[in-house]
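Here we start with a single chain on its own, the form predicted alone, put down as structure tokens.
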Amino acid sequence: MKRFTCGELVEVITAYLDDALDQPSRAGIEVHLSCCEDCGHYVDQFRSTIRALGDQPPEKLSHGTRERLMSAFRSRRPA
């Protein structure tokens, strides 16, 4: 099992929260979190931010903005 430093945990936190790490890495993160209060707070804040942003209603674009974006996407499409 890999032992993680605080800096390494920050680098993989999104993969950890997305459950995208292999089991040994995940176990290493959980061991680190069990003994590092600062990283525990960091992960809690990250989860709170994700929950807050995930509850936002989708933003609707004006017709003009949508048309400009679609035009930009179409012009970038390879021929």
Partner chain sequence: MGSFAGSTLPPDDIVVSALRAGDEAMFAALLDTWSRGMLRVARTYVSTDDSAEEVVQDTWLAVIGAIDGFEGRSSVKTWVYRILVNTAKKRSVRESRTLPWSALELDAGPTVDPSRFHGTDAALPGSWKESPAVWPTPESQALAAEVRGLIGEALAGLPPRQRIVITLRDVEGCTSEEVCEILEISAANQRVLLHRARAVVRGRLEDYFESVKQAE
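Numbering follows the first chain given and starts at 1. Just so we're on the same page, rigid core means the largest C-alpha set that superposes within 1.5 Å between forms. It should be emphasised that the depicted structure is a prediction, and the values quoted were computed from it without experimental measurement.
Beyond what is shown, the protein has a form predicted together with the partner chain; the following relates to that form.
The partner chain is not shown here, but in the predicted bound form it comes within 4.5 Å of a heavy atom of Ile50. Though the partner is left out of this view, Glu11 does reach within 4.5 Å of the partner chain in the predicted bound form, counting heavy atoms only. Contact between Ser62 and the partner chain in the predicted bound form is found at the 4.5 Å heavy atom cutoff.
Looking at Met1, you'd find every heavy atom of it more than 4.5 angstroms from the partner chain in the predicted bound form. Taking the partner chain as positioned in the predicted bound form, the residues of 20 to 46 that bring a heavy atom within 4.5 Å of it are, in sequence order, Ala20, Asp38, Cys39, His41, Tyr42, Gln45, Phe46. Once the rigid core is used as the reference frame, the Cα position of Leu69 differs between this form and the one not shown by 2 Å or more.
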